[in-house]
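Two separate entries follow, structure 1 and structure 2, each one form of the same protein chain as structure tokens.
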Structure 1
Amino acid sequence: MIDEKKQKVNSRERWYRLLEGISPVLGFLFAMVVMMIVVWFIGESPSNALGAIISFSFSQAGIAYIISQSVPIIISGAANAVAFQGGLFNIGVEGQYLFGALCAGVAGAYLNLPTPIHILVVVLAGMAGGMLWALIPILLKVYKGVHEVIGTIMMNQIASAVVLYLVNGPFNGVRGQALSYNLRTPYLKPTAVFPSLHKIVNSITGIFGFKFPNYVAVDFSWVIAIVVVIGLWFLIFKSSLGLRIRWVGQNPSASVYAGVDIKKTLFTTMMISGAIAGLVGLQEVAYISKFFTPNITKGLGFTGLAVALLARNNPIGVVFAGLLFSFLTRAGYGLQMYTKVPNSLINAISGIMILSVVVFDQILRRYVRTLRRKEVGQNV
């Protein structure tokens, strides 16, 4: 009899967790329905739009691009997720990865080291740059009470100016070259360039009949992303530091009574977030371009913010959310090429998706909370 009751309780708890977990799926489906309605209002056939998305995104090349382009998005989402876990809004990931990419590019271009060590130094330089750019906002937060949103946004603007000055000045790699308008650092030394992983990855995916084309970036940054996600998951959910970070993020006042050093925990959280943020641009700098330019891909920091929210700040969820946003980008290109739907619609859909996930999440959580209260009332 007791075992039967336990089974019923466990069954209900699994059902409750399922309800709490499907909000991202419902949000995505709702956003897609909204997109089809908007497409219809524009005058395009929803079936044509859906066909363009499927044919452009789910071809072998399309899937390869989605996976590859999700790497910096996933890393950015992880940087935002750890900050959110600690109750911090690190809006400065944009500036942190810009400065981190510059540091990585400089380390790769000017140092002479053996290949394994040089690649490691490039990675560490990116992390150090991101941490340095996160340092001032968190010091202002901890010691002067300046909200981190203000501090990090301020540092984003400063990063753009400082990077432009440094690349135009001491780290200029095109000075003296006639008719060269691409402002950049010198090319990275061959020992600093990330190795390609095409052969290794294709030897695995080839078993399933899928291979990544040579023109798609499959490189060491994939390993970095995997290490970041797994390491961050263990840090947050399996370590005492992660427990303190979550305590401070959920209830700072109660954390004080539990003996947690709030300032130290906030500082550590922002440093971890900044270090991860410094890795966002490494795929572009150390593999695709092989140099740093101020024109490095913009907006990844803010995309990572949305990814973290969609993933509920769970590092594993960040992987799926990152792939989803990469898919949306690819879908936007497909719509732009094969229909008259503007690419800007995808940006609107991304916003609707985030809003939908938040709304569905709150509705389902409150519904589950009500069911649990009724269950407790019936057992009393």
Structure 2
Amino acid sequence: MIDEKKQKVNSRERWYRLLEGISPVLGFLFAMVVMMIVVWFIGESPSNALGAIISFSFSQAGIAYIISQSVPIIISGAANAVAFQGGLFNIGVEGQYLFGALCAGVAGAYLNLPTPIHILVVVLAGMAGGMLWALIPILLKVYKGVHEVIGTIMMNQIASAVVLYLVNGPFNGVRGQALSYNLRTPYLKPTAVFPSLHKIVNSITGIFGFKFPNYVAVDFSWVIAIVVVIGLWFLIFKSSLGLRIRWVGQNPSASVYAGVDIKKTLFTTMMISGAIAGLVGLQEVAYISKFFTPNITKGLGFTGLAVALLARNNPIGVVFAGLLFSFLTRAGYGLQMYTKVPNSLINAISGIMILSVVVFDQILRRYVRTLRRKEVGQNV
């Protein structure tokens, strides 16, 4: 009798877990439906739009681009996720990666070091830049109680101004060139440029008949992303520091009684988040353009917020959420290229898709939670 009941509960629990697991996928499908309705309103045939997205995104080059362009998004998502785990809202990833990228660019352009060490120094410089930019807001929070959202937003503004000043001033790489419009630092020394991993990666994916084209960035930043994701997963779920971070994030007052130094933990969390954030721009600086410019891709920090939200702050989940967001960008270009959806609406469409994914996912999870509560009530 009891066994039977237990079994019933187990099967039900499995069903809940399945529902929770697929909720992002259902959210994604829902988003696609929303997208097609919008497209239909514009006067383009939804099947045409879907065909365009799929043929453009799931071609060999399309998949390669999606994976490659997800690298900065994944790193940014990880930076946001660790902050969220520790109960911090680090909206300053944007400024942290901008400054980190500048530091990396400067370290790569001005230092003279042998290859492996130089690359390591570039990576460390990026991390240091990100940490430096996270330092002031967290000190303000820990010692003066200034909310980190205010502190980090302020630092975002300062970052764009400081970066512009530094690239115009001491680190200008285009002064004296008559007709160069692009404000940038000098080119990185060849010793600092990230090595390409095409050969290694293609020798593995070649087994499945897939090759990354040489124009898609397959570089050392992939290794960075993988190390960040796996390292963060171990840190959060398998280390005592991770346990403290999660305690503070879930219930600060209870963790005081458990003997956790809240200030220290908050500080450490923010430093980890800042260090990861400093790595976001490295693919662009150290591999794609090989210099730092204030015109570097913007907004990755904010994309990372949505990625972390969708991944429920799980580092492994961040990978899939990052791939999804990268896919949305590529899908947007597919729409631009092969349908008559106006460009101005495509940004709105990907915004709507992001929103639908996140909202649908949240609704479904809440629904499962209510079901669980009901069940508990019944059993009692």
Partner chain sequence: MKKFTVGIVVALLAVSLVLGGCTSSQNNANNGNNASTGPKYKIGLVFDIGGRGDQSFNDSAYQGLVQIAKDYKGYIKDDPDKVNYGTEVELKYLEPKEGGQDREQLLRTLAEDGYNLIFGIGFMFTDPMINVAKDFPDTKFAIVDGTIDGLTSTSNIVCLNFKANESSFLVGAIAGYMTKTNKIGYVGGMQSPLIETFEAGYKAGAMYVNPKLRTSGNLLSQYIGTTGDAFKDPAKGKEIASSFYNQGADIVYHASGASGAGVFQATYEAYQAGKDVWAIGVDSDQGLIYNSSTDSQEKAIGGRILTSALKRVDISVYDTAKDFMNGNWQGGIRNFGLKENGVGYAVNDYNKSLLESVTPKIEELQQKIINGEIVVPASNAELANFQLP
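Superpose the two forms; the largest set of C-alphas matching within 1.5 Å is the rigid core. Residue 1 is the first residue of structure 1, and the numbers go on in sequence order from there. As the structure is a computational prediction, the values presented were derived from the model and not from experiment.
Quiz item: Is the form predicted in complex with its partner chain shown as structure 1 or as structure 2?
Solution: If we ask which form is the one predicted in complex with its partner chain, the answer is structure 2.
Practice problem: Look at the Cα of residue 16 between the two structures with the rigid core superposed and state its shift in Å. | Solution: It moves 2.7 Å at the C-alpha.
Exercise. Quick one: how many Å does the C-alpha of residue 370 shift between the two structures once the rigid core is superposed?
Key: So the C-alpha of this residue moves 4.7 Å.
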